[in-house]
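Below you'll find only one chain, the form predicted alone, shown as structure tokens.
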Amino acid sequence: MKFLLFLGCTTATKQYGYELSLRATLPLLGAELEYPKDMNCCGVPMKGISKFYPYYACARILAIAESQGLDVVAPCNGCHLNLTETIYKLKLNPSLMGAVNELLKEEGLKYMGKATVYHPVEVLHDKVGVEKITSAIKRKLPEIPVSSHPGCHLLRPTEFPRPEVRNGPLKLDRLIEAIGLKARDYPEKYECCGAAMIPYSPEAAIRVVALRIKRALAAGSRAITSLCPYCIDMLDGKQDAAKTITGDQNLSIPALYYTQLLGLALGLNERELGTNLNMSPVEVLLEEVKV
């Protein structure tokens, strides 16, 4: 089982713990990763400027994967959505696909619609499987209540299939329990983390973070986990800002990538998983699981 790893912009430039923990854990579970040398942005930041470019950008990524006979794993929820949307729209619009391939021809590439795009939650839950994960871990983590925060684009929009479904058990929650932790619901786990608001109203975005953390704590969660770089950037990296803006010094909870938690159960250390790069009080959780 081999995938082309498309990291996107945020993971590769800001969320090093996500990249490190992906590279460390997936191969241990039989998911080999190829690292592309010539890659581009998925085009999401350009959607307000060009209708065409994001389709071309994603088609180029997919064409590179197809040229190597690989499917794609996209750790960023936004990248995964844009790549999935491109597959859907090009299939429905032959003229758009033709225009994209006319440009790709200049590089000797062609998009044929053969590559499938997976999110890490799909690789872990659907391809590797919960049973294999449970049997592969070196030790189960203690039954600490942990809340998942899947992120908007893992669930929405519903025009085409998304990795998670809101009205049903989350794959991420099953994965949490596969390593011994206890998946704990909280009222706003399906809502936005606030990242989309940062460019327009930073204070409002930070207040969203504060509310998410407050509700998770009220539900009895002792940690939050996600597989979205934007969600962890907010929930892990903006806790000090949330305390400052709201004046609530109790807004403190470990926030980690699921792949970091998985790595702990697989016996990997802090440096291998990049937990030393997290900005929330992860040391509280690490102490509790005796890492």
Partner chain sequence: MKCSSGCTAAKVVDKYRPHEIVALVKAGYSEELINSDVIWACSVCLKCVEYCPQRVSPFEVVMTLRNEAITRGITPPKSFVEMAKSIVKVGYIQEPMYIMSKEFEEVSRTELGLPEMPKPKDIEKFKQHVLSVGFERLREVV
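Residue numbers count along the first chain shown, from 1. Throughout, rigid core stands for the largest set of C-alpha atoms superposing within 1.5 Å between the two forms. Everything numeric in this text was worked out from a predicted model, so none of it was measured.
Below: the form predicted together with the partner chain, not depicted.
Not displayed here, the partner chain is kept clear of M97 by more than 4.5 Å at the level of heavy atoms in the predicted complex. The partner chain is not drawn, but in the predicted complex it has a heavy atom within 4.5 Å of A196. Interface membership of S135, defined by any non-hydrogen atom within 4.5 Å of the partner chain in the predicted complex, is ruled out. Under a 4.5 angstroms non-hydrogen atom cutoff, the partner chain in the predicted complex lacks G69 among its neighbouring residues. In plain terms, the part of the chain that comes close to the partner chain in the predicted complex, with a heavy atom within 4.5 Å, is 49-57 out of 237-245, 221-229, 49-57, 257-265. Exactly one listed residue, out of A115, C152, V123, I144, brings a non-hydrogen atom to within 4.5 Å of the partner chain in the predicted complex: C152. The candidate spot formed by E19, M39 and R166 is fully in contact with the partner chain in the predicted complex: every one of the three has a heavy atom within 4.5 Å. Scanning 138-161 for heavy atoms within 4.5 Å of the partner chain in the predicted complex gives C152, H153, R156, P157, T158 in sequence order. Taking the rigid core as fixed, one finds a CA shift for S50 of 2 Å or more between the shown form and the other one.
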